Structures are given as C-alpha cells and as structure tokens.
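Just one chain is shown here, as structure tokens, and it is the form predicted on its own.
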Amino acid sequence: MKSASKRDRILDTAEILFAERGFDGVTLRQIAEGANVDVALASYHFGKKLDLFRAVFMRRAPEINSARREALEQAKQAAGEQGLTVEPIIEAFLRPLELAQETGDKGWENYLALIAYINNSPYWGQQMMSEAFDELVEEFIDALRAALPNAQDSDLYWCYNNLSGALTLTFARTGRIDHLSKGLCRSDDFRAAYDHMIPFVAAGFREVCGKHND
C-alpha cells in the first residue's frame, strides 16, 4: 500500500508539472522532489521521463472514453427508432468533460490542461492523442455519419477538427475571454462554455455536412 501511495503521488505530481510546464520544462528529479520520493523510485516505477509522461496521459483517458460511450448509448436509447440527431451526439461527446471540470478535482483540471498542451503539439498530438482517443472519436464520427447520411467524410473530419480546437481552448483556460469580454464571460464558467459550444458545434456540423441533405 505504501508503494502504491508513492506511485500515485509521482503520477499526481507529474500531472501538475507537465500541465504547467510541458514535457521539456520538467525533469524527473523535480517530479520526484515534488512527490517527496527518491528519484530512483520514480525511475523504478516508470522508467524514463517519457514513459512517465505517457503513463500520466493514459491514466485518465479510459474514464473519459467510458463516460462518453455511456452518454452516447443513453442518447441512442432516448432517440429510439427515430435515430440520433446531431445535437445529442455532440452533447454526449462534450458534456462528460464539463462534468469532469465541475468536480473541483484539481487532478482533472491538470489532466485536461495537459490534453490541451498535447493536442496543440505537432509532435505529441499525433501519436498520443491518437493512441488514447481515436477509437472513441471514430465511434462518434460513425454516429454523425448516420445522422448526416449525405455528408462527405472529409467534411465530417474537418468539422471534428474545429470541435477539437474549441475544446482544447476550453481545457487550456487561458483567461483571454475574460479579458476580451471585460468580465462578462469567464474561462472557468464551464457550464456556460459547454452550453454555448454544443449548439455552436452542432450548427456547424449541420451547415457543413448537411448542406446536401435536402
């Protein structure tokens, strides 16, 4: 139990530091010091810094994927024989992330900031985001393909790319919207962020992907 506790402390500390400083801005020694363990123990549990970085990133991904799949399945059951429309598909994809951010758990705040860092990186984004989330994303693309049967696949993926960008900015919580709106909007107002993002994104999918559905 003591060993498991130290392992979790290493992961939690690494999550904080990687989210704040990125991969290159953190050393294994700094992580070990923050977790109050010997650097040799961090190496024992995780090997090199890259292995720890990957372990941190992959740790919470299954929970996100599971929550999204459950939300999508519930939306399918609610839609019944009529089939899903675009809005509930987008809501199933996004709302579990809002709920994670609203828990007040700093771990989720740090993890989602880490996703923003990785998703914006041409080096890390392709390999790590794909490994963690591509299978889940393809399930949602399939649902959107069924809801927009005349859509071209290229349009679906471009719309998803735009969705991913908006989501990444929401994760990053840069505070720029706070400044631009002179306090009318806050980057930590997650309910407002997702309440606006869901219809905005759904309308974009319908406009771009459904334009030949007449």
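This structure is a prediction, so every number in the text was calculated from the model and none was measured. Note that residue numbering begins at 1 and tracks the sequence as displayed.
Beyond the structure shown, there is the form predicted together with the DNA, which is absent from this document and is the topic of what follows.
With the partner omitted from this view, the residue of Ala55, Ala61, Val26, Ala151 that lies near the DNA in the predicted bound form is Val26 [heavy atom within 4.5 Å]. In summary, among the residues Asp178, Asp188, Asp38, Glu70, the only one with a non-hydrogen atom within 4.5 Å of the DNA in the predicted bound form is Asp38. The shortest heavy atom separation between Lys49 and the DNA in the predicted bound form is within 4.5 Å. Interface residue remark: Tyr44 is counted as part of the site for the DNA in the predicted bound form, having a heavy atom within 4.5 Å. With the partner left out here, the DNA still marks one of 61-69, 27-35, 143-151, 159-167 in the predicted bound form; by a 4.5 Å heavy atom cut-off that stretch is 27-35.
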